[in-house]
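A lone chain, given as structure tokens: the form predicted alone.
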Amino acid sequence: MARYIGVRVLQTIPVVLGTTLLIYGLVFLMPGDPVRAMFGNHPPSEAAMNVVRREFHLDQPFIMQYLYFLKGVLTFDFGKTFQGRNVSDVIATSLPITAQLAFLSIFFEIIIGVGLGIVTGVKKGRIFDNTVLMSTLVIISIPTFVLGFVCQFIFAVKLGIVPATVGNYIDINHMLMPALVLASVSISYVIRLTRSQIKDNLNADYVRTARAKGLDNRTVVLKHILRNSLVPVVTYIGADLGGLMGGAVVTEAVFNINGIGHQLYSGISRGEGVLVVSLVTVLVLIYIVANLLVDILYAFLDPRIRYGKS
């Protein structure tokens, strides 16, 4: 197990380097002068702007700018934004907000997605099963920002059940609707994936053997079918954690949440390469760690998996 974890950790190094280099290159190739855009319609003299360019290494070639960034990452110094704020402070402020949103979404995926997936898998072909399947298809087909605006209009404006936006109020009452909107598509996929796995395992040989031994249906489903069915579901949910944190840009914009997505959008708009790549690096690391934890969790869900040969 230790060897497997070590190999996986080493494999993350080229992934992080490749991802950050790609994102940094895309930001670097964006048209326009970020320093000039920073000052708006009243830019200072060219000499003053050159001082700012030297401070942020914008007068250096692309590869030198990237190497300066890597040096800062290794020393835990992500540099400063164009407004003079430490990037580390931006991450420390916005990351917990997006993490709370993502983990709340994951919670809904597990409770609603897996729960309805089990019920529809066991009751396949019935009215409840068909209704849930049709509902998931509708939700998957609706873009997230459209669903967000619809939920705002119905549940916040018309019914007044929940607040329309989050702003500075980071609590369960304000985060409930954004988390459900963010998780809506993932919940639909988890329902369909869990249902499919339950349905396939219901007719497996080991299930017939368990029933022949006289085990009741509840024991067969929970102790035999569910354990074997959850491996691909756990894979999806674990990988989706990074996807939810990175994909929260639209949801955070709709509900006015000052998280990583909001900062990422602002950084791209201003052409701040250091800020954008720093945020992406954090998201990549979270994604990699989540997938590593999922791989380790496989051993507890499926004893047939061996990590000796990786």
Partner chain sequence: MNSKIEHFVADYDTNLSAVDQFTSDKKVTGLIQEAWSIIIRNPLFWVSSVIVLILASMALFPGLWSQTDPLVCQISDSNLSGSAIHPMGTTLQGCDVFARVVYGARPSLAIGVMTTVIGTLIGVIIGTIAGFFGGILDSILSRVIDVFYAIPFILAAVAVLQLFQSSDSIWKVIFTLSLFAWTSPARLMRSAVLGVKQQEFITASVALGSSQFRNMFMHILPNSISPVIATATINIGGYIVAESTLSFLGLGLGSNSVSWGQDIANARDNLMTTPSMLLWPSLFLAVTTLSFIFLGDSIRDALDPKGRR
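Because the structure is a prediction, the values reported are computed rather than measured. Positions refer to the first chain, counted from 1. Each form is matched to the other, and the largest set of C-alpha atoms that superpose within 1.5 Å is called the rigid core.
This protein has a second form, the form predicted in complex with its partner chain, left out of what is shown; the following refers to that one.
In short, of 144-152, 94-102, 175-183, 68-76 it is 144-152 that has heavy atoms within 4.5 Å of its partner chain in the model of the complex. In the model of the complex, no heavy atom of A290 sits within 4.5 Å of its partner chain. When its partner chain is considered in the model of the complex, Y265 lines it closely, a heavy atom lying within 4.5 Å. Under a 4.5 angstroms non-hydrogen atom cutoff, its partner chain in the model of the complex lacks M64 among its neighbouring residues. Not displayed here, its partner chain is approached by I140 to within 4.5 Å at the level of heavy atoms in the model of the complex. The partner is not shown here, but in the model of the complex the stretch 183-213 reaches within 4.5 angstroms of its partner chain through a heavy atom at R192, D200. For N291, the Cα coordinates differ by under 2 angstroms between the shown form and the other one after the core has been superposed.
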